[in-house]
Structures are given as structure tokens and as C-alpha cells.
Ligand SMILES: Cc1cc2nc3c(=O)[nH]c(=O)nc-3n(C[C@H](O)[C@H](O)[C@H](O)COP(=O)(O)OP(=O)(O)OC[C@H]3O[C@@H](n4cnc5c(N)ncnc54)[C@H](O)[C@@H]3O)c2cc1C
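Heads up, the chain below is alone and in the form predicted on its own; it's given as C-alpha cells.
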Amino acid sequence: MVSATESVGPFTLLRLERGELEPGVPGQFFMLEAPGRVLPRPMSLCQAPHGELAFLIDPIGPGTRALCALRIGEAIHVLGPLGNGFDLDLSRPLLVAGGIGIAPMPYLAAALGDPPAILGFRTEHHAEAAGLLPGAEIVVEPRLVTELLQDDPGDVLACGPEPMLEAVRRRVPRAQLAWEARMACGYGACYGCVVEIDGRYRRLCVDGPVVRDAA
């Protein structure tokens, strides 16, 4: 059930009552199905305060707009956590995100003790979402997040559009990358989220979203 909604720049932070659901590992995802919609939408967990699960949503299509239009008290079907999250056994974590790729970073930052972060956005309006990660370094197009990566950036954990992930991986081959794709089922049955990574086809719902052996 919806407990609250908040505007974060052009995005919506959808807060749900947790019930019996566990938040899982940062980087995993949940399938959210708005009332009246045929297919659910995969969403990374953004925050996990006591008794709640919060998801940052970009209203770019009918499904995501339906999720953002939900009102307090409305029921919603949620399945998860699903997929593979980030490896948190790190000595020098650095979070890197682009656009809506910021979605899993607040939960990830909380799990890692608020490490440094680099965030990139298309516009200043989108960059308002950086308030979810206080203290992060921010760039706005045409600047790129890779411009702020040092020669030895540490243990990079990244989420964002494919061109950004590829650029990060070229700079940091061992970076953990959370890939994005459309999904219909969330558990490997429909093959709707298959992407090619390094010449291999992966079902991101079961092989990812964090693909650990992509490099």
C-alpha cells in the first residue's frame, strides 16, 4: 500500500508500506504493478526506512506514469527482491550514477557507510535528485561523470545508461555495473530483458542487474 509520494526534480519517490517484504541487497530490484496495468515495472530500491520501501521513478511511459500517479492508501502489487545486487565487501567504495541510475544509490550508500559519490544528470532540474545523496560530486551535461574519476578511483559501483556504464568500465575494468533493461516477468521466464555484454547474451533479471563477470 502507498504510504507517501514525493517529487524529486522530475522524478517521483514512491513510498510503500513494507509489510512482510525484505529490502534485499542494494542493487536488487522489485517488480511494481500499478492497478489496471498489464505488466509490472522493474524498480531498484532507493531507500529502506523502517516499515517502508521507497522507489525513485522516472515517469517516462504509461506504466511509470501510472506508478507516479498512485495516491496514499492505494494498493499495489510488489514482487521482490529479485536479481543480483552489489558485492559490499569493499575497502574503498565509490558510487557513480547517471540520471535515474541514482535510484539504488541511497540504499547502497547507507549499506556502505555513506562513501563518496559522483552523479551525472542531463539538466539542473534532474540534478535535484542529488539531494538524496548529500555530499556527492555533481556534473551536468555536457560534462561527464568520467571526468571526475581519478586514476585510482577505488572500488567503483555504477548504475546508469549503457553509454555511461561502458565509459566507466573502460576507465575501471573491475567496476561493478548495474545494467538496465525492460523486463516483463522479473525471474527469467520471458527473456524480455536479454542484453549483449561482451559478446554474451544475459537475462538481466537473473544474471544481473549487477553482472559481476562482465569484464
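All of these numbers come straight from a predicted model, not from anything done at the bench. Throughout, we count residues from 1 along the sequence that is shown.
Beyond the structure shown, there is the form predicted together with the named molecule, which is absent from this document and is the topic of what follows.
The three marked residues, G98, T146 and L148, fail to reach the named molecule in the model of the complex, with no heavy atom of any inside 4.5 Å. For the candidate set G61, P163, P35, G51, a heavy atom within 4.5 Å of the named molecule in the model of the complex is found for exactly one residue, namely G61. The single contact residue among L70, A167, I57, V156, judged by any heavy atom lying within 4.5 Å of the named molecule in the model of the complex, is I57. When the named molecule is considered in the model of the complex, A103 lines it closely, a heavy atom lying within 4.5 Å.
Of the heavy atoms in Q176, none are within 4.5 Å of the named molecule in the model of the complex. A residue is said to contact a partner when one of its heavy atoms sits within 4.5 Å of a partner heavy atom; V172 fails this definition for the named molecule in the model of the complex, lying far away. Contacts between stretch 27-44 and the named molecule, counted in the model of the complex as any heavy atom lying within 4.5 Å, involve F29, R41, P42, M43, S44, listed in sequence order.
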